[in-house]
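Only one chain is shown below, in structure tokens, and it's the form predicted on its own.
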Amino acid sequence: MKRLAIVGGAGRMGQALARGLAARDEFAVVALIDEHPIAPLAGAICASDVSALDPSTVDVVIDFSSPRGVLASASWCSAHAVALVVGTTGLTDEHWSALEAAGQRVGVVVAANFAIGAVLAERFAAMAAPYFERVEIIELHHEQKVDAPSGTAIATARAIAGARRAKGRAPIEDPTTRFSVEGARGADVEDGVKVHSVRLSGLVAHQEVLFGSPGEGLTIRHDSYDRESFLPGVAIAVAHVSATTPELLRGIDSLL
């Protein structure tokens, strides 16, 4: 049985993970970490900082907190030989450097989206990308998501751009030359693949990839209606990762 500590345990995602993972026989949630007040979970300690953990009682730290929290988690896990699973987005080069350093000492899995359907949708989009002239991405999330575009949209755009380059397709050129409002055409993530971000109350996590060529179109859409959708992917990552197998695995695509 793997013993888990969840950083960001007071948040809606952290609470959903705590309940869902604790209900599985192969896991025990032993700690919830958050700087905000935490709703208690039977059998788990609550603390405000990862440094309060006893490393002998934890096998995997799961971080769904903030980029600043990821730095602390990566440092602590590396120093104490504890594996790490990260679902926090909005990471900069500084955060990735810390995760890469941790991955040289312990197992680390980082994913922008743990929903199985979202992972498959990204794979399908990369498969379709070379065969259409144009593609744009619309990502829709709840109003409390502070970063844009989403990590999922960025990963999808880069997968699409890479698949197009591999087939010798040129970057996509935007035909728009006149802008009534700057930014109306979205953000160019890579090679002309545009992303449009929507933030609305009532949403959880949703993404559409729209392809177009003369006479036809293709839409690939994934919807997470509840945070429970991320649980199976997190469980797969936690089951895979190990403190005794140093690595930095980006995404869970290879684990499916």
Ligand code: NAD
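Numbers for residues come from their place in the sequence shown, where the first is 1. Source: prediction; values computed, not measured.
There is another form of this protein, the form predicted in complex with the named molecule, and it is not shown here; the text below is about that form.
- When the named molecule is considered in the predicted bound form, only one residue from P246, G11, P232, G20 comes within 4.5 Å through any heavy atom, namely G11.
- Screening S48, T57, S213, T219 for any heavy atom within 4.5 Å of the named molecule in the predicted bound form leaves a single hit, S48.
- The partner is not drawn, yet in the predicted bound form one stretch among 130-138, 171-179, 87-95, 156-164 has residues with heavy atoms inside 4.5 Å of the named molecule: 87-95.
- Here the marked residues R3, L53 and V106 all miss the named molecule in the predicted bound form; none has a heavy atom within 4.5 angstroms.
- Using a 4.5 angstroms threshold between heavy atoms, S66 counts as touching the named molecule in the predicted bound form.
- In the predicted bound form, V209 stays away from the named molecule, with no heavy atom inside 4.5 Å.
- The closest heavy atom approach of D188 to the named molecule in the predicted bound form falls outside 4.5 Å.
- At the 4.5 Å threshold, heavy atoms of H36 reach the named molecule in the predicted bound form.
- Residues of 93-117 that come within 4.5 Å of the named molecule in the predicted bound form, judged by any heavy atom, are A111, A112, N113, F114 in sequence order.
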